[in-house]
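The form predicted alone is given below as one chain in structure tokens.
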Amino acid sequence: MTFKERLDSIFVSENEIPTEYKFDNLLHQTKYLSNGEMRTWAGAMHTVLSPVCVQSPDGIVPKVIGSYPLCTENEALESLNAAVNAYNNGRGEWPTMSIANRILCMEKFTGKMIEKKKEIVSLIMWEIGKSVADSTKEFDRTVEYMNATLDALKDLDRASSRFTIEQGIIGQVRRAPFGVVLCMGPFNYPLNETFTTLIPAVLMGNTILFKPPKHGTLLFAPLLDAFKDCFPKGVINTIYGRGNTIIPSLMKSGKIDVLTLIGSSRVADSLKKMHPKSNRLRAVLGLDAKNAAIVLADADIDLSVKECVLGSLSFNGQRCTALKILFVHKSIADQFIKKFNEEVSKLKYGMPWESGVALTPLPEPNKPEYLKTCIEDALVNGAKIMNENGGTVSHSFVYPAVLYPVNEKMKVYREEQFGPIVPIVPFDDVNTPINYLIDSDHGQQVSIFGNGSKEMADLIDPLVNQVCRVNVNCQCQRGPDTFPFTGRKDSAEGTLSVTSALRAFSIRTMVATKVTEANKTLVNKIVEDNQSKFLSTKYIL
């Protein structure tokens, strides 16, 4: 049996799928949430094909798992107006609600979400091909993030519950919402990455217009009733449809106050330019990245290989924080590549429900062809596929390709491949990778591997001014969620972490008055009688 035939064999027939992971009841979602109502859509639908293909009489075909509405800009604008009305220029029920009561709403929602865990995990696995272990991890991490955000909000509110007196002025500083937030998440972490913006945005009193990612849409269907039951009407509204059909009219309306997108810088730039009042538009963006690893001559090769394999191929390399290009010192390149290939060959490939599986089918239908062109371009320009069977394609599955020596003529040198290709660049002068990062359009993270303190320090000092996180002897990553997560250049706008995200979706606002007996009496009366939700010394425990 050839390796290609072995890859074909990972796609099994319907009756070979383990019972606990079968998807027999198709999810044809005909409802969407707008203005506190579950509205029925009777128009065009998008058929959802899983990256998990199945053996059939017609050969290996993608499995259909359901469909969702392809609404028009009319429905999108109706949902936008619902969010605008719910905010009501800051006078709506949600933006004027106390922090304590907003927290109660979110705690209720979290409880209802946990009840849907099994269904959501299954949908993550089937929609984007993520292993069941990683799908479960994504769900659990999201709940942890939500709880941590609630704790951070309590801390933030407690710190704001006091008055300050300076130069004869009494003031209380708190954080207030911006207005309507358009929230769009990515397909690779459709639940977690989406909620790292949606949850803090809504908790700070904003109202939400939420478009699920193109791949990973159905998994939010089990949560629509929870959104409806836990928040006032119009606070959270979902929109479905083709992004290029429904999003432009939303941006051109000028009614979007905050754009939050985890996706490409090209799309973000285009959307921002559509807004008629760009100086008013706030943006919280997680965008492209081409994170590099720099492996020095004195690096621990075994450790470097382990971290670089994890960094470049976890979830098939489909992470913004993935290592997408490796710079390895020439003196150890042969040894590094030999051990790297050995570790890649140990990675289990197969269906996402299989125990211990590390490599799974890719959710983007056109990705295998794109990766193939990247590999062919590298070969034409002097690289070789270093690992056995590298780059072999079977339908939605692409086996990792380790390319060496990679140079600046190749697409994979600059383009973010977002898939299982590992470009390795040899160097003998450390300025080579430093200059690469200086010239790069991206500036999220870098990993450096070495044991010499002076050489590592000489790398750290220039690189902290090129990227926003330098990882020493470990892969690039987002967590812990309490650490700042952002990027320079075209990689991000705004900072996402538990506390930073709360600040990103709010603005410091204060109430101030001169220190006079009459004003002190007035302020004390407001506070003592709980007449204001903003001007308050209540302490959330």
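From 1 onward, residues are counted along the sequence shown. Small disclaimer: the values here were computed from a predicted structure and weren't measured.
The protein also exists as the form predicted in complex with ligand G3H; that form is not presented, and the subsequent description refers to it.
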Sort through V425, I208, C320, A378 and report the residue having a heavy atom within 4.5 Å of ligand G3H in the predicted bound form. C320
If you check K367, H275, H395, R141 against ligand G3H in the predicted bound form, which one has a heavy atom within 4.5 Å? R141
Please state whether all three residues D134, Y349 and G356 have a non-hydrogen atom within 4.5 angstroms of ligand G3H in the predicted bound form. no
For ligand G3H in the predicted bound form, the stretch among 99 to 107, 326 to 334, 456 to 464, 185 to 193 with residues bearing a heavy atom within 4.5 Å is 185 to 193
Flag Q477 as yes or no: does it have a non-hydrogen atom within 4.5 angstroms of any non-hydrogen atom of ligand G3H in the predicted bound form? yes
F505: heavy atom within 4.5 Å of ligand G3H in the predicted bound form? no
Is Y68 close to ligand G3H in the predicted bound form, meaning a heavy atom pair under 4.5 Å apart or at it? no
Let me know which residues along 99 to 115 have a heavy atom within 4.5 Å of ligand G3H in the predicted bound form, or say none if there are none. none
